[in-house]
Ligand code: HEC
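We begin with a single chain expressed as structure tokens, specifically the form predicted alone.
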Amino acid sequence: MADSHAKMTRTTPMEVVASIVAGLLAPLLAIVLIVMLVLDIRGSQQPDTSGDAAQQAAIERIKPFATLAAVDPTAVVVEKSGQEVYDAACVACHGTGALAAPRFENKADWGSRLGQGYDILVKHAIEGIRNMPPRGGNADLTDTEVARAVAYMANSAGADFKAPEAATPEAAAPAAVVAAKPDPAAGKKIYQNVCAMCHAAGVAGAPKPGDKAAWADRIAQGYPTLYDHALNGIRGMPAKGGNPSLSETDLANAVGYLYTEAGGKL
């Protein structure tokens, strides 16, 4: 019995530690492999932000819900001719016959359509029909512009439709002058407070008070026209002399003062 105990090997502390570490190593290695696998899966699910489609999607996500377009109400709008509308909006389909559109100058394509009459063709072009979207896909076109384009295309195939003519612009009438006769005496104070900064020194070509030579052509235009210029602005002079809070009565009086100082008769 003593011999068997003697033959048993004693375990040293280092061997105990090595055994524990060896026992923990396998679970730790398994945990590391699992973490790496999860990270790899997550990485493969991340969206690709480098492509054009991904960038476009990002732009769509962050773009505003609406945009504000500033439009100048005084801007002169010039309507397009039938050829201009055709070249800008219609030629893509009607020039090639795409989507079964009747081709420009092709009498066979237009034959049955011309029989429907000009008004029906214009109605179809405005509202859209079959493959053609309303107004040829350009919502900014007016009814008149669409009608001109229809006449231009139909006439190229043998029709004799009369396109709407451009409206003759009416001469702009001067703004209504205040009913009461201007008071030059009251206008002098307005002139001193608002107008003198330019007119007293002739800044930006402003005619000086009492300078009949500088005022001669202006006086010939008449008081209503000068008042309109002062109200709306002209050349270097801003509307209401740069004072938007100025009442029309005060403005009329100031114009009356300058007008009479230069020899004008109210």
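Quick note: we count residues from 1 along the sequence shown, nothing fancier. On a predicted model such as this, the values are computed, not experimentally measured, just so you know.
Only in words, not in the display: the form predicted in complex with heme C, which the text now covers.
Contact check for P238: a heavy atom falls within 4.5 Å of heme C in the predicted bound form. Contact check for R113: a non-hydrogen atom falls within 4.5 Å of heme C in the predicted bound form. In the predicted bound form, none of the heavy atoms of G158 sits within 4.5 Å of a heavy atom of heme C. In the predicted bound form, none of the heavy atoms of A163 sits within 4.5 Å of a heavy atom of heme C. Within 4.5 angstroms of heme C in the predicted bound form, the stretch 83-111 places a non-hydrogen atom from each of V85, A89, C90, C93, H94, A98, L99, A100, A101, P102, W110, taken in sequence order.
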